[in-house]
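One chain follows as structure tokens, the form predicted alone.
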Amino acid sequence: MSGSEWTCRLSSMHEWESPYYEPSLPVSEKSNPLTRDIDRASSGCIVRMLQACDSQMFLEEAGATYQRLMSDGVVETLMEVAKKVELILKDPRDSLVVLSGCGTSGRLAFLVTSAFNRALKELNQSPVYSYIIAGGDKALFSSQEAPEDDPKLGMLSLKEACEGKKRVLFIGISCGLSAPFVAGQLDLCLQNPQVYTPVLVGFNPTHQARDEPIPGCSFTFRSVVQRMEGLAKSQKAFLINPAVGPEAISGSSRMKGGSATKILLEVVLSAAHAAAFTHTPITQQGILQHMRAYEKTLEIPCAHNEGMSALLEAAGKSLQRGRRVCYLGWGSLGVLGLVDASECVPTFGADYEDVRGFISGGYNELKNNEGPLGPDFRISHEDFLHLVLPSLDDHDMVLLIYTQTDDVSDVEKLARRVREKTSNLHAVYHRVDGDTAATVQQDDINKLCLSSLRITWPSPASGLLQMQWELCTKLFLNALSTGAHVLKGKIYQNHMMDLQVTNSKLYCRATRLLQKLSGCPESKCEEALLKAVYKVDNLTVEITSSDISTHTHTARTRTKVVPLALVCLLTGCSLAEAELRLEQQPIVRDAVEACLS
């Protein structure tokens, strides 16, 4: 990289922090200057862009604009929350720590609670962690976004989870400080301070919390936040809301928002466990040391750019051909594969079968609240072998995801079965330097794969190694699935164009996006959006008088809603003509530019 390119990149790293940069949008919804033309980038360039965006999580605090992950105020709050968890760990009777969120936030709540309850079991301690995800366990693997708009459902699920408990630390996660489901839960906590201590995790400053009315409620998300701010001074409520910068794909909080959520939750709970069980005091230095370990983790993918670019290229080709990408994972890395695959449907308008995740041991390994979820949610390697493998060929990509601590002989057996159907087999695996226990079997797996990405960690391994493996794998998978969909043509500049408009947040995002790209007034953009949702060229009074929940319910069965609306806005053509244009040119940016030329 030349000096001028580096200066330009550094400038772009901070450009979003200017008060003049997209001033009407909260940080979590702004577009990232680093990825303005990601839809025209090569696979190698996509990888570097995504890595640069991830590195923004650990930028130093710049003036007083936004607090960051390692700002003093954030670290102090993490310490105080860790002390609250420590008290529960030392005296868990009638107590609970609940982690709750929607979509990615809820999936990470599940991942983290599973890991720390497992750690307690290994210490012969009773589990104290519980997770809630809007839409129930089906939302772990699929888009269940309507419940995100239901604050009363949030309250009810929290009451049920905490029945009979006298002391609850509630950690609500909403990356944009916007989810009504979580707002309802926080409101319940504030109404019952004798039982609940609320903690909010998100990535916007408090004044950017969503202030739209919530149907059937007397509060907005922002009013809940303001009440919490008042109680934070006496440590009766806690706000953890550093800014980590705009997402690489505008609004796609599954990426940095998800990664930062995982980091913050694990830092808090790890500090609490160390204090409760090894008498390690909770200190600012300890919190910062853990944070820096994660910051170092972000450097690992940068050492594998070439291999990552090849994987991204392979996945992109599979999707371009209308074929599949399958993740076959072990342990918690397998869970991350399930999570990443599930997020492709709402983010990119992908088909459920386009990117699928499978985990060794299926639900026995997962141990989710509701157990097996029926025939539509088959997630084991056996399910893959029986239902998916027979239809695969060399155009389908299969990725093995594992570590040296997994059963490598099991990995080899599955690799051989896959290789019988497709040569398009790849592996990403983690090992500690100097560990040669499974070298022979690993060599055999490498021979079966088109490519193997070996991530070697220094020895001796730190106690945080499993969490670092997980974060690193999350970054790889997010880059892989995002980059593949970019190559397929699902992104316009750095915006999600084919997103599903299935809740109020996504409805508002779609309207704003149409405004930005068309330059038309908000009213005209919403009108075009509704025409695409209802498949009509003229809106009826019944449609225009309906509320957003009715619109988003109708939109669940629709595809290409935003691209259709944009083409109509730019050309003035009918829906039928817009559909024809998109059939002729499925890459959204090319279709739009064809309209303008």
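Nothing here was measured: the structure is a model prediction, and the numbers come from that model. Numbers follow the displayed sequence, beginning with 1.
Although it is not shown, the form predicted in complex with a small molecule is what the next lines describe.
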Listed range touching the small molecule, judged in the predicted complex by heavy atoms within 4.5 Å, from 401-409, 283-291, 423-431, 98-106: 98-106
Residue contact check: S252 to the small molecule in the predicted complex, 4.5 Å heavy atom: yes
The small molecule contact in the predicted complex: T347, any heavy atom under 4.5 Å: yes
D340, heavy atom within 4.5 angstroms of the small molecule in the predicted complex: no
Contact test in the predicted complex: S174 vs the small molecule, heavy atoms, 4.5 Å: yes
Contact residue in the predicted complex, from R324, K505, H495, K488 (heavy atom within 4.5 Å of the small molecule): K505
Residue (of D137, E470, D354, E145) lying close to the small molecule in the predicted complex, criterion heavy atoms within 4.5 Å: E145
